[in-house]
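First, one chain by itself in structure tokens, the form predicted on its own.
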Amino acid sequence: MGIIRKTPSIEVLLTEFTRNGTAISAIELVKRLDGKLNKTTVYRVLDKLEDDGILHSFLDKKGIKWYAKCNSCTHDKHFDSHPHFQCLNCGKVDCVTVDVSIPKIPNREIVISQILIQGTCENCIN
């Protein structure tokens, strides 16, 4: 992957994704890391990790940017063309490992596609 130097800021931020295992909103990361990293650093590191193929981002129904760990992406290409599921009860958001076929559109080149599925998660359903 693209990170050459693992700075303390990068380590702190990556720990949040390792500990949680689900997607985390940028707003939530800023709150969690208050006192450890300032807001500007959080956003700068998120951008770097996304550019390096470590994280991918997507928007929720309110337009808030969320981040999740990538699987086999590189700094050259993201392969995270999968849907994300947002629970309407608890707000949890995670990656869904199902195959989704993005159709080819004549005379267009698709660079990014985002699919957000909303409903009730496994914890809230029980």
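What you see is a predicted model; the values in this text were computed from it and never measured. Between two forms, the rigid core is defined as the largest C-alpha subset superposing within 1.5 Å. Heads up: residue numbers just count along the shown sequence, starting at 1.
What follows is about the form predicted in complex with another copy of the chain, which we do not show.
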**Prompt:** N20: heavy atom within 4.5 Å of another copy of the chain in the predicted complex?
**Reply:** no
### Query
Does another copy of the chain come within 4.5 Å of any heavy atom of T15 in the predicted complex?
no
* Asked: Using heavy atoms and a 4.5 Å limit, would one call L88 a contact residue for another copy of the chain in the predicted complex?
  -> yes
* Asked: Does G63 reach another copy of the chain in the predicted complex if we count a contact as any heavy atom within 4.5 Å?
  -> yes
(Q) Once the core is superposed between the shown form and the other one, does K104 show a C-alpha displacement of at least 2 Å? (A) yes
Query raised in the report: 2 Å or more on the CA of S113 between the shown form and the other one, with the rigid core superposed, yes or no?
Result: yes
